[in-house]
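Following this are structure 1 and structure 2, which are two forms of one protein chain, each written alone as structure tokens.
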Structure 1
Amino acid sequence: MDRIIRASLSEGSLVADFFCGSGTTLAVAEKLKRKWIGCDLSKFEIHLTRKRLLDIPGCRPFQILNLGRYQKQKLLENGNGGRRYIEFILKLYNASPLQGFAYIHGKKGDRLVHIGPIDSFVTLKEITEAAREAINVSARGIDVLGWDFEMGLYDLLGDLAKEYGMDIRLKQIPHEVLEVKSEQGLGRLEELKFFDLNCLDVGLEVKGREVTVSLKKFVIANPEYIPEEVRITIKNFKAYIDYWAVDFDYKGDFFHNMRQEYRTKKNPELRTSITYQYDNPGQYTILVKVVDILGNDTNKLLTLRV
């Protein structure tokens, strides 16, 4: 790649690899000071590429963008509006539809199912409404399936569950759902895993304008998806984390990867604290994002004043 890029492009020109895999082309382009664009449909490959690029000394800033929104729009169009979309997700989750409710969409075994919107995140308000409706149905709890979840939602669930005497679980609709194009594609159903959201506990230390964020606890919700031979070697929560990053000034829209720590083959030990110095005093929101060894994201929102 080095020879091909040097021979065909001058510094500053653009290299594109639309099937970038582990990012060899992009890494070489970056080292040779060419600009680059990479695409891949696998979140693991994107993640690997990200770590590989970050490992290059002096790597220039880059962005990771998601085309999921476009695919979701297609799913909605093919799905004949909201109703078909809900039926489709229920089928993938192996649940049966339940009529007569506004927020409860289905039932799986002794649990009710609520499905979050395709183009937005699941809110506390809609889970509360679902729990209200659920009081009149005999069920053990509610599984809330979502593409994304309101920030801080996980931490509020305990109170809600107590108030309604119900076990409430948040489950991630897997991105692979977008690749199931038709009813025939439902044959891949067995492979789809709806992960529960993980539990993340973060510490915050403020000294003047210097702030240290530390990972205190990370509990993976579905250890059963990790092969037994790997699971028994895990002695510390750090081993479940592959990468974590912090946006020290989260504005509620995009996550800005301002600082990050990650493991590599050469350097398998994960650092669990990140320190940052603010230029100006004020009130800030911090978003911590952890990517676990199964490729799932877990977020934690914190606010502070410096």
Structure 2
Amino acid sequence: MDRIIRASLSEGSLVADFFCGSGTTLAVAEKLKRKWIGCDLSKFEIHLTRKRLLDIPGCRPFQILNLGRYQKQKLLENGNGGRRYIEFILKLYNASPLQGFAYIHGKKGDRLVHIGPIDSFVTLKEITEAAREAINVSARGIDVLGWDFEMGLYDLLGDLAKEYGMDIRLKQIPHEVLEVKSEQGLGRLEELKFFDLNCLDVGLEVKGREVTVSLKKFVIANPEYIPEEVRITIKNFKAYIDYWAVDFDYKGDFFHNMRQEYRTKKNPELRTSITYQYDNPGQYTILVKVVDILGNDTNKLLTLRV
């Protein structure tokens, strides 16, 4: 790949790999001072590529961008738009549909099911509406399935659960759903895992304009999905985390990877504190992103004044 890029392109030229896998092409292009674009559908490959690039001395800043609303187009291609989308996700979740509700879509065992929109994130408002509808239904709790969730939503669930007297769980719709054709979905029910959102506790220390963010606790919601031979080796919460990063000036749009820590085979010990110095006083929003060893993201939103 080094020889191909050197022979084909001068410094500053653009290299694109639309099935980048573990990022070999991008890493070589970065080392050779070529610009690059990489794409992949697998979150594991994207995460592996990110760590590989960050290991390159002097690696230039880069962004990881989601194409956004491709879920809708993909499901529509598979014939699963509108009401069929709801029925399709319920079937994959092994839940039965319910009629006569606006926000409750199904039931699984003694739990109700709400399914978030295809092309947007799940909001506190729609969960509140689902909880209101659930008051008159005999159920132990609500499972909320979504592609993405409103920032800070996890921290508000406790108060919402107390107010309506029921257990509310947020579950990630697996992106593997996009690869399941409607007629083939039933055969893959056992393979698809709807992950609960993890619990993340973050500490914040401010000294003048210097801020230190520390990971205090991380509880993985589905340890049963971790192989037993790996689980028995885990001694503390750090072993569940593969990578974490902080955007110290989050604007509500894109996550900017301003500082990060991650584990590698050569350096398996994870540092749990990151310090940052602000240039100007003011109020800032901090977004902390943790990637666990299963490849799932967990976010924490913080605000502070320096």
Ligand SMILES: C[S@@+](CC[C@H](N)C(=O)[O-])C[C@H]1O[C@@H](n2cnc3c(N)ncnc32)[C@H](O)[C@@H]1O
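None of these values were measured; they are calculated from a predicted model. When a residue number appears, read it as a position in the sequence of structure 1, where counting begins at 1. What we label the rigid core is the largest C-alpha set whose atoms superpose within 1.5 Å from one form to the other.
Check your understanding: Only one is the form predicted alone; which?
Key -> The chain shown as structure 2 is the form predicted alone.
Exercise for review: Answer yes if the CA of residue 17 moves 2 Å or more between structure 1 and structure 2 after aligning the rigid core, and no otherwise.
Suggested key: It does shift by 2 Å or more.
Review point. How much does the C-alpha of residue 8 shift between structure 1 and structure 2, in angstrom, given a rigid core superposition?
Key: Comparing between structure 1 and structure 2 after core fitting, residue 8 shifts 2.9 Å at its C-alpha.
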